[in-house]
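For this one, two forms of the same chain are given in C-alpha cells, first as structure 1 and then as structure 2.
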Structure 1
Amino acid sequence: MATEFSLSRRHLLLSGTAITAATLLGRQRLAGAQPARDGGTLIAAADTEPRNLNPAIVASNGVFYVASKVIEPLAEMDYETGLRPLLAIDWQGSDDGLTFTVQLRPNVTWHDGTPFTSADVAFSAMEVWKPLQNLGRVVFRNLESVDTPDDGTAVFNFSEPTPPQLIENAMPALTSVIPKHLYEGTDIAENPHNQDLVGTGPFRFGEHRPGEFYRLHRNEDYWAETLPYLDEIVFRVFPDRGAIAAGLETGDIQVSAFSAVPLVELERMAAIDGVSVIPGGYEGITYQITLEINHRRPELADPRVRQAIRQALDPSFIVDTVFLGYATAATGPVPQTATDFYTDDVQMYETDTDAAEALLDEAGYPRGDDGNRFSLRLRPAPWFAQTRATGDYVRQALRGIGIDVEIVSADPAGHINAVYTEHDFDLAVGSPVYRNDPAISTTILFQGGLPAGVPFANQYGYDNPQMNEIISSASETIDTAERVGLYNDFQRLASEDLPIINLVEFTFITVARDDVQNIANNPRWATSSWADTWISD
C-alpha cells in the first residue's frame, strides 16, 4: 500500500496523468471524455476562516485555499513543465545572482478595472513580500529594490547573490501580487482589502458570512479568455469532519481538500456511488512527521543516543498504522516528491532494537533496576491526529529500549510557546512543510544560532559549524547544479548527525463528487486558481 502511494512527480508523469494515481481508491473518473462545460456553482468545504485572507501577507494553505482563486502569483507549479506562467510570462536571473528580470503578462486588469502593471509587482515585493510576509521575509531578505523600466517589466535587485532557482521555486507560494492603488499609503497589515480581496484571478471576491461561507464569482474579464468555467465557488465552513463526510454523501459539498475527511473514512467514502478519493495534487506542499530533539539534554546531545532512538523507531509502522498507508517513509529532510533536490545517497537506518540497546549501553546509559535507562518528556504537536498518534507510537517504541517517555499535551499556542520559545521539551513530534525549495522553510530547522521564539525552526540547541556552512553557501550559490549538490550534502549530513529525525512524509487527500472535473491536475491543486475546474452534467 505504502509503495503504491508514490508521490513523486516522475511517477505521475510516467503514469500519464495525475488522475491515474488518483484511482487508488476511487473508481475510474470520467476524464477528458467530454469537452469542458461552462457554468455551475462548486461547493467546497472549508474548516477555517483566516483572520487575514491576503496571500501576499500570509503565505499559508488555509489562506491560499480561498484566496488563490482571487489573487494570483507570478507562476504556478505544473506537472509537465515545472512552472506555468501566470502573471509572469518569462523570467531570467543574471549570472551574478544580483538581478532577476520578470516579463509580465500584458492586458491584465484588476477586478476593479484598473490595469495591472509592473508597479504592482514592485509594490508587492518591496512593501509586502519582503517586510510583512511570513515566508518572504526569509527568501527576499536581500531584495534591495525593484526597477520598473516599463509597465511590463520588473527587475528585482538583490544586495547579495540570490539563486535564481530559489526565486523560481518561490514563485508559486510567495509572489501573490496585490493592487498598489488600493494599498499604497495605508496600514497594509490592517487594510480592509485583506478580507475583501481584489486581485487579477479567475474569480472575484463576493461575500464572506463569518462562520457560514465565502462566495466567489466568475471574473468575466479574466486574461485567459475561455476561463474560468465555473460561475461561482462557495466555500462552506464546516468545523466538524463527520459533517463534511456526510455533506459529500448528500452532494451538499462537492469538494473537500486537505484531508478534511478523516483517513479512516476514506475507504467508506470511496465505496459511495458518485464520490471519489483522490490522493494527488499536493506534491508541492509535502509535509513530514519529525521527531524534534532537545540537544540541551545531555543524553540527547550524544549522537549515539539519537541513532539509537532512530533505530528503535519503525517509520513503516507509522505509515501503515497511523496513516493507514497514506504516507511514505522519509529518508531525510527533503521529501521524495522534491525530485530536483532529493537524494537517497544518505545514511540509511534499519529498525533494530538490539543495535539500539547496544548503542545506549555504549553511550553510558545502561538499564537501571527498573529496566529504565532515563526518562524523557515528549510533546506531540496537537494539530494533526497523526502527530498525536505518532507521539503514542514513539512512547511505546522507546519503552522497548528502556527509555521511559511521558507525553505532555498542549493546545497549538501552548505547544508553539513550550517548544520554540521556552524549550520546555525533550522530544517533540512536529510536522514541517517542505515548500518547493530547501531554503524556504527546511534548512531553518537545521541552522544554528537562531534566537529563541522562532517557530518551526532549529530551537533544538543543535549548532554544527559544518551544517551552518553548507546552509549558508547554498543560500548564495547561483549555479543550479552546484546548489543542488550542496543540498545533497545537507541531506547527507542531516542523516548522519540526526539533529532531528525525519520519520515519514505525507500529502493530503481530496474527496470529491465525480462530476467535478480537473481535480488534482497540478502539484498545488487545492491552493491553485481552479480556473480550469468544471462540473459535468
Structure 2
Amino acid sequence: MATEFSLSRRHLLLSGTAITAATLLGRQRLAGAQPARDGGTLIAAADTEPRNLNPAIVASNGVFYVASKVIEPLAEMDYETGLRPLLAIDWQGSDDGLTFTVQLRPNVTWHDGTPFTSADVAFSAMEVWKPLQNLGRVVFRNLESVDTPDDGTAVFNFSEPTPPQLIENAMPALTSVIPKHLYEGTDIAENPHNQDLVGTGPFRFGEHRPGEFYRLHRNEDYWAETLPYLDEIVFRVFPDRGAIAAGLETGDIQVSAFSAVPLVELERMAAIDGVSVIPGGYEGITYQITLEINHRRPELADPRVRQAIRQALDPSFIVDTVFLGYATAATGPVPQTATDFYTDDVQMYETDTDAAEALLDEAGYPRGDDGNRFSLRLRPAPWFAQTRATGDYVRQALRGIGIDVEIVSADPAGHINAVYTEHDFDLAVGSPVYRNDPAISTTILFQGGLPAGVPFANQYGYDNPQMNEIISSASETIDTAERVGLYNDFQRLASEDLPIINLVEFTFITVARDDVQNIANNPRWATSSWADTWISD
C-alpha cells in the first residue's frame, strides 16, 4: 500500500477529563484460556430505528450500528496497523492524486449467492457514494469514473488531484459496497433493500419489527473461514434508556453501545458482578456537541449576535454537569484528538455575559419592556440524553442575556426533516462526528451551496466564499504539510465567524455482560462487523 495511513495508536487516545473519568470505570475483560467458540445469540440494545438503513447512502453511526454487520466497506480501522483490509486487500494512490487503484478480495459472494466483483464497487462509487451519500458527495465530488479492468480491480479516476491520504481515511466510513444487480435500474433512494439489506458481511439481514427489534443471522458463506462466531445478533429497540440498564443487570441484554446507559449510572453498573463498563472502542469516532445556527434569521446572520451567544455559554458547565466529566471543552471544529490537523491557534471565547449583552445592544437588539430582545426556536437532536440536556442548558443561558428560547422536540425522523430539509429551526443542538480527516465529515458542516435534504451537512444557510475556497483547496492538495496548513486556516476562520458553535467533544461508553468477548478491539468497534465477537460459557 503505497500511501501511509495517518492514523496511529497515539492519535486514537481520548483526551482531558474524558479519559480520566473513563479510565476510573474501565475493567479488564479476560476470557482466561478459553478459546473462542461458535454459537449463541447476542442481544444488543438499540435506541433508534433509522428510516434508511443503507450505509452507502447514510453514513452515520446510527445506521452503521446495525448495517455494518451486513454490508462491508473496503477497509476498517485497526489499532495495530491503522487500516485493516476487508473487501479491499490492497490499494495504492498515484503521486499526482488522479488515480487510486484497489485490489479486491477474491471469492466473495453476496448473501443471495451472486459473486462480488469490481462492478459492484464501481456502481456503488458512481451511482451512490458520489451523488447520494451524505458525506461521499463531498469526498468523491471529483470522482470522474471507476475503471474495472478485471473482476478484482477497481481504478478510481479523479478529475482533480485528490489526496490518497483522504481516500484511505475515508475507507472505513464512506465505502460501504452494495450489490449492483439489486440496485441498477431502480430508484436507489427508495429501493426496498435500503431496509431489507443484502451485503457481503458476516451476518445476513433477517427481519425488522418496528419498535421491537432487528434480527441478523450468521452468514455461513462468509469469506473469512473461521468467522463469524455468533449464530445471531438481535438489536432490541429500547426508547427508555433506564430499561437498558435494567436489562443488563438481569442479563436480558448483553451489550449496549454509544453510552446508551446513562452516564450517571456507570459507576453503579461497574460495581455489578458480571457487568463491565468499557471506555474503549470509540477512539476513531470523536463526537462534538454543537449549536447549529440558521443564518436565514436576520438576527443570527449577524456575527455579533453569534459571538454574543457563544460568550453566554460555558462549555465547562456542559462537561461537568451534562457529561459528568466524560467530555472535554472544544476549541473548534477539529477535535484535539486529531493531532495531525488540530491547532489551538484560533480565537478563544471566555464566558462573559456582560460582553454578550453589549454585543447584542451594539447589533441593534436591546432588551424590551419584558426583558427580552427576541425569541428563538431551538431543536435539540434526539440522539442522546446529552444533546437534549445541552438544549435545556442553552435555553437557560440565553435567557440570561435576554434571548427567549422555546424548545421544540421531535423524533429522529422528524428532527432530520425539520433541520436538514425544511430548515424549520433557529437553533439546533447537533452532534457531528469527526472521522479521521476534516474533509470527510467536518468541512461539510461549513461548506456552502449544498442541496437541501442532506443529513449531517451545512443546512444552515451559511455560505462564505472564503470558507468555501479553503475547503475546496484543502480537499485537492496532495502535499501533507500544505493540507495541514489549509485546515489550520479552516479552524481559524470557523472560530472567528462562528457559523456553528463547537461546545464540547466526547466519545462513548459500552456496558456489557462479561461473557461477551472481543469487545472494543478496534477503534470503531460499535460500527464494525462484530465478526470476531463471541460469547463465552
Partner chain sequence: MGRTWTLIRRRLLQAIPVILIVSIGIFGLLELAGGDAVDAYLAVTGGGDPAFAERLRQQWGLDAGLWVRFLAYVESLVTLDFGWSVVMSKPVSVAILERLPNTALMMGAAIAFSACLGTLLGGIAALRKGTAADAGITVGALVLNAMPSFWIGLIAIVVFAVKLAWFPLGGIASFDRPDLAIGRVLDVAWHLVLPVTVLGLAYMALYVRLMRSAMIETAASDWVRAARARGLPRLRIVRRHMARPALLPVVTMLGLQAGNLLGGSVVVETVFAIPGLGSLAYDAVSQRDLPLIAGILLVGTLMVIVVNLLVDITYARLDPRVTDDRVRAGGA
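Numbering runs along the sequence of structure 1, starting at 1. Since the structure is predicted, the reported quantities are computational estimates derived from the model, not experimental observations. Whichever C-alpha set is largest while still superposing within 1.5 Å between the two forms counts as the rigid core.
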The chain seen in the form predicted on its own is the one numbered 2
Same rigid block for residue 431 and residue 378 between structure 1 and structure 2?
yes
The angle, in °, through which the smaller rigid part turns with respect to the larger between structure 1 and structure 2 is 24
When only the core is superposed, residue 361 shows a C-alpha shift between structure 1 and structure 2 in angstrom of 13.9
